[in-house]
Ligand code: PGA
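We begin with a single chain expressed as structure tokens, specifically the form predicted on its own.
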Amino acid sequence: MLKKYIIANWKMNLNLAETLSLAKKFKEKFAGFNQGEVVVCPSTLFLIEVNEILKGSIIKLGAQNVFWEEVGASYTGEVSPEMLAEAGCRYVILGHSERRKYLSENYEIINKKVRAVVKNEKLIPIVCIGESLKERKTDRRDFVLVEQLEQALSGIEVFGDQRIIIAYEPIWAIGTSTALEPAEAEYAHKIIKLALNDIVGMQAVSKNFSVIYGGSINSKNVKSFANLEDIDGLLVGGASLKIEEFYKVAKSIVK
């Protein structure tokens, strides 16, 4: 059985002092925790400092974004996969719905990023997909999820033990305190895994892919998701900014 992933996305929150304080709390709280893979994704600006704090713990470091080229004079302000790896990152979130919504990031761009991260081999991509409220209401969700997967993974090949995490995050549920109904989330994850079987093959899906859920998860609703067969973990936003809340979420999902 593949391990469960519990990924904390701190987004554009917390100043340096707050970030380091929370990182220390994470390290202390999760000492000895070995039931799943815990990942924290702070601001890019603070990655190196957080990595120093997390050394010696089971917690892995992740980034919230990356660029698709390794080097170049034309890419002012961007950060490459190798730069993230040097900063201590093991994971990187790609194509979060907020970047798709507010920064016009499309799946052609996301595909370039997935290719670059997989090629780098030092990083594990967390590829976000999910439908809007309009797409949900017009019964286009299944089509949208399959199309997003096909575009994001076009031309991608995984070898050996390389991993790719697909994060299903229904856009309309993010930041609303209203998570998807567990049965509906389970259905969406089944659709995702069936689509992955068609795109990369069943063997690669079982060996190299995990599908996690993201969308207003907290300690009150997480138990409903804990025993769902096709959910391999969680991408947690607001609840990850409070150590006790996030710890409850982590403990619940790995049972």
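The numbering used is simple: start at 1 and walk along the sequence shown. Note that the coordinates shown come from a computational prediction; the quantities given were computed from them, not determined experimentally.
This next part talks about the form predicted in complex with this ligand, which is not shown.
Enquirer: Which of 132 to 140, 148 to 156, 111 to 119, 91 to 99 has heavy atoms within 4.5 Å of this ligand in the predicted bound form?
Expert: Going through the listed ranges, the match is 91 to 99.
Enquirer: Decide whether T19 counts as a contact residue for this ligand in the predicted bound form under a heavy atom distance cut-off of 4.5 Å.
Expert: So T19 does not count as contacting this ligand.
Enquirer: Is G215 close enough to touch this ligand in the predicted bound form, meaning at least one heavy atom pair within 4.5 Å?
Expert: Close contact exists here: in the predicted bound form, G215 approaches this ligand to within 4.5 Å, heavy atoms only.
Enquirer: Although this ligand is absent from this view, report whether K11 comes within 4.5 Å of it in the predicted bound form, heavy atoms only.
Expert: Heavy-atom contact with this ligand at 4.5 Å: present for K11.
Enquirer: Consider I166 of the chain shown here, and say whether it contacts this ligand in the predicted bound form, taking contact as heavy atoms within 4.5 Å.
Expert: No.
Enquirer: With this ligand left out of view, which of I174, L180, V127, L123 would have a heavy atom within 4.5 Å of it in the predicted bound form?
Expert: Contact with this ligand in the predicted bound form is made by I174 alone.
Enquirer: Does any residue in 218 to 251 get within 4.5 Å of this ligand in the predicted bound form, counting heavy atoms only, and if so which ones?
Expert: Residues within 4.5 Å: L235, V236, G237, G238.
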